[in-house]
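Quick heads-up: it's one chain on its own, the form predicted alone, in structure tokens.
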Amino acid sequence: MSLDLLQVLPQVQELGRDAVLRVKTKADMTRDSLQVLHEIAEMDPHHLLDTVERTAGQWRGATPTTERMDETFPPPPMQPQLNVIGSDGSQIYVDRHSPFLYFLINIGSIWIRYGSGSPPQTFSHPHIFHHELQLRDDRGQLISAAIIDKLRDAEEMHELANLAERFSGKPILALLDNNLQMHNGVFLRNHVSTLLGNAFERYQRSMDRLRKAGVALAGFIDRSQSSDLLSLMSLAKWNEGDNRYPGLTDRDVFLNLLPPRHRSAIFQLHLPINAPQQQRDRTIYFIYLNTGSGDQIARIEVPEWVVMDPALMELVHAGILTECQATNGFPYSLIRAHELAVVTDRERQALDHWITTICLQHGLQLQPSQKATTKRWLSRPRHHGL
């Protein structure tokens, strides 16, 4: 064993004491933040929007809609029949120490027809990317994991659009295990690769197809760490652009506000003016939803066309609750889509073995890097004689 547990025991004890202190501090901050929420809910929404405008477009946070910000909404009645489609993706990243360079994206998806008596239909679509133009960005650098993640996101949305057009049953709830902000964490240092730009365009075209099909699209985020509402509260009360409550999230607030199966008010997500989602007029809205199981408070993101149609918004609320009934608070369609998408270590090893075999058949013998060879040697059990 390489870790000496006795050496870290004092640090573990300190960690436990810090954890207890953080819980007590968080409880105090949560009570205070709830009071502030009730205070700003009394403010004129136009005044709040004017305060946001004065940030000159450099602020991220929540802005109010027509619903009172501290109001909660009970679940609407469930429709006797409901069509749910869900997709999720998995990937194998490029390994620069491998003798052959490639990456793989696998998309799993499911179509469930509640109330029809028909079994779900499931799908899995893997694709290997190995051409030089697919492996390198505009600077000639090997494609990063962040860009591969966004290519996967685009394929997940593309799969939802394909399913929505393939199966015409209505109403349709389309779910992603992700937020709907394609740009997050990737459009950095003012550099956007062609690969990433293409992924963004594919993502937006797929969203347009879902809008034209009248689909209730929603992104489900479990245990969200967002603090967009807290940022608005800090801006409105103290004129501070950042969350005044360090370590506190919006989820902590709604954990103490939302009864089981209720949703929060609808909020608009305000993004900095240089965010591609803003430039393309793809406004995102969100709610928080108590899925009815313990402390399961999920953030649900929806596009503008869903918010503008009360029937679609009710479909999101009631449909997600239906999906979560038998799964301890997480949508069943996303659980199954993940199972269909995941690529195991054994599957990756089998894939690498097939590639090696095919290369040998063509007279090409490839060798991994010395670092990869050393790691494989170190990972094997070794027995040393005395």
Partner chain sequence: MDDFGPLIGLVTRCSSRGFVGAMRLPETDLPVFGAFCKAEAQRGHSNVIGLIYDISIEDDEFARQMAIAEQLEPENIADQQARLLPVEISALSVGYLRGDQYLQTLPPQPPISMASIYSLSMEEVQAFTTKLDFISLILSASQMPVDDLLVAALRQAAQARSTDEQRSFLLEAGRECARLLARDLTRLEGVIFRLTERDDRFTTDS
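Because the structure is predicted, anything quoted here is derived from the model rather than measured. Positions refer to the first chain, counted from 1.
Although it is not shown, the form predicted in complex with the partner chain is what the next lines describe.
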If contact means a heavy atom within 4.5 Å, which one of 325-333, 29-37, 350-358, 56-64 is the stretch that engages the partner chain in the model of the complex? 325-333
Hey, in the model of the complex, does Asn256 get a heavy atom within 4.5 angstroms of the partner chain? no
Touches the partner chain in the model of the complex: Arg136 (any heavy atom, 4.5 Å): no
With a 4.5 Å heavy atom cut-off, would you call Tyr285 a contact of the partner chain in the model of the complex? no
With heavy atoms only and a cut-off of 4.5 Å, decide whether Ser118 touches the partner chain in the model of the complex. yes
Sort through Tyr114, Phe103, Phe267, Tyr245 and report the residue having a heavy atom within 4.5 Å of the partner chain in the model of the complex. Tyr114
In the model of the complex, which of the listed residues (Ile297, Val316, Met157, Ile110) lies with a heavy atom within 4.5 Å of the partner chain? Ile110
